[in-house]
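Coming up are structure 1 and structure 2: the same protein chain in two forms, each one given alone as structure tokens.
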Structure 1
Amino acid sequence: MTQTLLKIDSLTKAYPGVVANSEVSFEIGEGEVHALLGENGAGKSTLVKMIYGLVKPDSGTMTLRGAPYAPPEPRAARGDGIAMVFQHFSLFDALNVAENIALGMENPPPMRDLAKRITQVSEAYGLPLDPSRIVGDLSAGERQRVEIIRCLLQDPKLLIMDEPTSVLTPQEVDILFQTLQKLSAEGTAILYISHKLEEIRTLCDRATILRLGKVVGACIPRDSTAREMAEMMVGGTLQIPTRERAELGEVALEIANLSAKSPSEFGTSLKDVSIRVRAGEVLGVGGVAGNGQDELLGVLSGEILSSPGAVRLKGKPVGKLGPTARRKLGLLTAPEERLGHAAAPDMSLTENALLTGSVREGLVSNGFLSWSKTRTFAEAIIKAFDVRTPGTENAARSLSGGNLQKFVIGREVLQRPEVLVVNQPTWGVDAAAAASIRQALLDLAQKGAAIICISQDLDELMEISDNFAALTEGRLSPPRSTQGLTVDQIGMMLGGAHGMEVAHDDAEKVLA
């Protein structure tokens, strides 16, 4: 074991009503890649925020290379050589790479020198990046590189990474891992937070596992199985979604050669997208964020209108219909962004149940609302999907991300959809909840609903989908059966290599 870089000793942090971290202790060695594992709400974020100086611990101490370490703010943490790459990037779309990096620095050097250093660092670590490109045009993987290079320019001793691979293609993950291994070999310690256990097994030297704010175990990931780690995280046995493959029915939803302009400036327009999903089928749509996922969902939900025949629900043209009319016909959707899109943050769960449930659940008559029926519906969602909340009158934003996600998916599933489209159904959701959401989707397919699952989580798509299609720069590849599909092939599909010769046979079989 190498020398200890950061020693964390019984850190405790309580928020009103919840203890986020209780007596957490562990050590990170110099140059070590240390995994922090835990379900949502286990206290991982609070812990790294304390290390990064964003949150002050109630009690407990930290020691950095033998010296007491208590950063009052992130600037001090950065000064001591701690850097962090957040899960959600803090970049300005309209500025270029170098400008974005300069904004995060205390004393930015002149732009020309900075650009030169960015190029140097990016080449040294195998992270190709042009300092003069506008961030709005970059892919998620490239944006992450901007954040990483911003950190590397500070020459950090400890680099904290919060779920870094959730937005990357398999090939990009490989590049990132090579970079991280190089950094580690040079003596930079890395604190790596992730849900993806296989990744942790390939990358990390040690792992600390948190549950409900407490350290519940530690392991050497290489010597443990993913299942063992998952069970330590949830503190019980893990249910893996199961399903029997049933015969597929009639075509439930069809999109034919649809092109749609994105409503937002930095969005991706859809180009000539065609989809056919049959009753009982789960179609997985993979791809890196920002390649048209939001637009695809919008086209299906009715937020983006198209020509009537471009979208057909059981043969009926619905392209010109708005969200309410489509819901009435049985086409339901759950967008990715929970707060502000799928749910209204300041409204209660009852009101949020009304948001999409009004038509199919008969919560409205002659324009007048039935609050008692709506409350019953909200209670049903909370019960069926194990949403942890004090009650239906709590504001949506008071729920944790995972709980709100369960509510949002549950709200649609309980409305007995004919076709359900979900975007990132388990984003930021803990393993147990993710498994139950996936199971709910599969059960729904079993009962004859057609499901389109848009996700960046390839493992998830491989687990639940019958067929897989890749969305790149607004184009959708022809679907291929997930049986026998390898990670390499998916990577090729995501890379935008459409019309590959090998793809034809399978695709035709699927569509026949």
Structure 2
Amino acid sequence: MTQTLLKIDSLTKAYPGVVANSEVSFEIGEGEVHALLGENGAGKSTLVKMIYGLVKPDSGTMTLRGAPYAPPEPRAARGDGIAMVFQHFSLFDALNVAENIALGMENPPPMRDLAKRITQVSEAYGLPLDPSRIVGDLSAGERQRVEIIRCLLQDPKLLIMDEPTSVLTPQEVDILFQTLQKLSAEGTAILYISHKLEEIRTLCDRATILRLGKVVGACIPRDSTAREMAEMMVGGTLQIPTRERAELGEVALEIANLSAKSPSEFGTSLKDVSIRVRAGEVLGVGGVAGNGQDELLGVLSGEILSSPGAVRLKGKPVGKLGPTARRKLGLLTAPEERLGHAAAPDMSLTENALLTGSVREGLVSNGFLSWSKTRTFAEAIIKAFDVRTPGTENAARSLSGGNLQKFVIGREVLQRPEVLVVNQPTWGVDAAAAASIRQALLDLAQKGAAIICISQDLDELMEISDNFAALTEGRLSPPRSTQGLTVDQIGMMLGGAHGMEVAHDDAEKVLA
């Protein structure tokens, strides 16, 4: 038995219309890797924000190393040895590694000394970093290293990690786990939030499970199956996505030898990309974050224009058409960034339903908006995709990340697209919601829609895709049938070791 580092006793936090946490109690031991599990909206984010000093609890207490602990702000939490690596990185692309790390420190040392310390710590924990590299040039995995090293320089006693592997290759996940195990062996406790339950089984010593803001159970992950943990989270039986495979139809979407410059200085330009997707097909596109995923979706959605014939929808050139015109023709997209790109944060769910559904759902007539039809459409999305929200008039930013993701995907699926392109459809989404979203995509394909699923979740791509292509540094490999393709092979392709010659014969068969 390890000594208790942090004890949480009856923490409660309520917001208008929802109780985020209700009398939550559990303990984290020194050197323990403790998983915090729960569906989207279960209260995980609110709980860790209270631990980190971002949110003040309404009632309940915390004890850190036997002393009362109630941080009024993150600075106080850091001073008490609590560090946090957020799901969304907080880095400045134009600054180098050392400058970004200095910005997160209360009293940074001279830059030369800091750079030396970064090199020492990063090498000691198997996360090598060059302090002089510009962050905008780093891969997603390297950016995460910056965040972790920034925390480790504070000598934390508790490290909170929120969905840390969502942007990593399998090889990078292995490196991260080695680092976390080394930290644990040295006595640092880790509070680990992830929806990837096999990772939880591999890494974590204990798990606390939340449902609707309450602790509903605990387990030792290595003694439980992923399915058992998922069913504890949802309080019922987990449905596994299923699909009856049918003959593929005609080519629905085609890109031929397209190159496109990224609109972002730190983006990745597309280089000679070719895609052909048939009606009823699910094409999985895998790639480590920052390899051209956003640019690929932009080219397909019409946010990045190309020559007329470079993109063809059912044989019709649409390269010069914008997003609204393409939506009218049946090409719909759901981007990765939920707040600000897929949804307007301060607009209600009704208004967000209108933003992309106005044409295909007939929500505008003779220049007038039909709010009743729009509200009905928003209600249908909420019901069909089990979006946890008090109502359609709540702002998009009021939803948890996973619930907003369900709304965004549902909004596009219910518009009956002929081609749907989704980027990271289940990112940050719990097991039950992920299964529901994947089933919705498979059902669409079954009805004859062509699906392009861009994802960094390799298990997801293997589960739902007919064919797979790897996106690396803006180049897309020839597609290969997912049957017989291993996760290790995909991981090597995503890391740049393409071995394209292995896939070439299969690719020609697929494209024939």
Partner chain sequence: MIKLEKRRQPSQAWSYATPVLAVLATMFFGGLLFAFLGESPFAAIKTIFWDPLFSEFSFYYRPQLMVKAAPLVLIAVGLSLGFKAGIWNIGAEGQYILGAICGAAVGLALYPLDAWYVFPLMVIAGALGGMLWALIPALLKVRFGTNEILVSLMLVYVAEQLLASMALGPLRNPEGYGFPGSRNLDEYPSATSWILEDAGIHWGTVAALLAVVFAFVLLTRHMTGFHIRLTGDAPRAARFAGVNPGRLTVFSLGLSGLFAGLAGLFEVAGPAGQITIDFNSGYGFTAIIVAFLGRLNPIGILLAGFLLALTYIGGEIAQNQLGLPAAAIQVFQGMLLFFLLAFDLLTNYRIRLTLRETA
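All of these numbers come straight from a predicted model, not from anything done at the bench. Heads up, when I say rigid core I mean the largest set of C-alphas that superpose within 1.5 Å between the two forms. Please note that residue numbering is based on structure 1, beginning with 1 at the start of its sequence.
Only structure 1 is derived from the form predicted in complex with its partner chain. Core-superposed comparison between structure 1 and structure 2: the C-alpha position of residue 111 differs by less than 2 Å. The rigid-core alignment places the CA of residue 78 less than 2 Å apart between structure 1 and structure 2. Comparing the forms between structure 1 and structure 2 on their rigid core, the Cα displacement of residue 408 reaches 2 Å or more. Comparing between structure 1 and structure 2 on a rigid core frame, one finds that residue 363 has its C-alpha moved by 4.1 Å. Comparison between structure 1 and structure 2 places the CA of residue 387 3.6 angstrom away from its other position, after core fitting.
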